[in-house]
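Take a look at this single chain, the form predicted on its own, given in C-alpha cells.
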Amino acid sequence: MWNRSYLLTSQLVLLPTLIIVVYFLWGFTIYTGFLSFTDSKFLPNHNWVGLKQYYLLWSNARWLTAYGNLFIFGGLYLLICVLLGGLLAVLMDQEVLFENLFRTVYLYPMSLSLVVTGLSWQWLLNPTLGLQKILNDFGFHGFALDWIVSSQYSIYAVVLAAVWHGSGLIMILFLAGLRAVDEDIWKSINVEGVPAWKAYLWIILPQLRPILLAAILLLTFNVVRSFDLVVAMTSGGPGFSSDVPAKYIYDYFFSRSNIARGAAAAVCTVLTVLFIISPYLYFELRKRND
C-alpha cells in the first residue's frame, strides 16, 4: 500500500513538468508544422493554402544556398570535430607532460559563447585587421587569407570557427571513455606486442561507440543551432554565401514578417536532420539492445 502511494505521489510531482514539456515542445512543434500550410504573415492565421509555402520555399535561391550550406557545414563540422577530438583524446591519454594545462587550453573555447567565438574569428580572418594584415606587415606580401570576405570560401571560415569551439568537448568525452578502459585489455595488448596506434584504432576506439553516439548527437544540435555563430561572424554574407537554415528561418519569422515561410523552412530543416541521423541512431541503439 505504501509503495503504491509513493508511486502515485512521484507521478503527481512529475505531472506539471510533463505538461510543460508536451505543451511547449511538442505542442509548439506541431503548431509550427500547421502554420507552414497557411499564409500567415506578421501574425499567425489559419487560412489553409496547402503546399504553397513549400513550393515558394524551394523556388527561392537563398533557401537553396542555405540548405546546401547545411550539408557543407554540418558534414565538415561533425567529421572534423570527431576526428580531431578523438585524436586529441588519444594524445592526452598517453599522459603527456603538462596534461592539465593542455586540457584547459583545449577546453577554453567551450567556455565562450558562439557569439564571442564568431566575433573573435571575424577579427582574426579580417583581411584589413587580422592575420593577413599582420603577416603582410612583416613582409609576407603574398600571404592571403580572405575566406571571410569570399563568397566561395566564407562557409568554410564558419566551419573553422565552429570546429575550434566544439572539438574540445569531443576530446573530453573520448578521453573519459579511454580512461575507463579495463586495464586488463591494455595488459593483453602489451603482452601481444600490438603497436599503440593499432591498439587504439582496432581495439580501444571501437569500444567507445556509445560515446561516439553521444558526440554526434551533441554536434548535430550545434549544427541546427548555428545561427549565433553565423550572425556574429559573417551575417550570412557575402551576399547569402554563408547563410544557413537557422538564419533563414529567423529572418522570415521576425525580419520579413512571413511566419508561414519560416515555419516551412523549419519543418524542412528538422525533417532533414531526422532523416540523416535516424538510421544511425536506430542502428546503434539496436546493437546496444542486442
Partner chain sequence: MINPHLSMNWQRVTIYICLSFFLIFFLAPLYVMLVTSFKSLEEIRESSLMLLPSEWIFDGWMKAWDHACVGLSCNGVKPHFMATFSITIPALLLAVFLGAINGYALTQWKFKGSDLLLAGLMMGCFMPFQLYLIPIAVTLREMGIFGTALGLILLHTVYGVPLTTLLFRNYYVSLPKELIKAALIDGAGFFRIFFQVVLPLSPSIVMVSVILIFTGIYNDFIFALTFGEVGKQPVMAALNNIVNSTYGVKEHNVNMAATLLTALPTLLIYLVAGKFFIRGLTSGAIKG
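Residue numbers count along the first chain shown, from 1. Nothing here was measured: the structure is a model prediction, and the numbers come from that model.
Not on display, but discussed next: the form predicted in complex with its partner chain.
- In the predicted complex, none of the heavy atoms of residue 56 sits within 4.5 Å of a heavy atom of its partner chain.
- Put simply, residue 29 is close to its partner chain in the predicted complex: some heavy atom of it is within 4.5 Å.
- Shown alone here, residue 278 lies farther than 4.5 Å from its partner chain in the predicted complex, counting heavy atoms only.
- Contact annotation: residue 231 falls within 4.5 Å of its partner chain in the predicted complex, judged by heavy atom distances.
- Taking 203, 72, 84, 149 one by one, only a single residue has any non-hydrogen atom within 4.5 Å of its partner chain in the predicted complex, and it is 84.
- Contacts to its partner chain in the predicted complex (heavy atom within 4.5 Å) from stretch 239-263: 246, 249, 250, 253, 254, 259.
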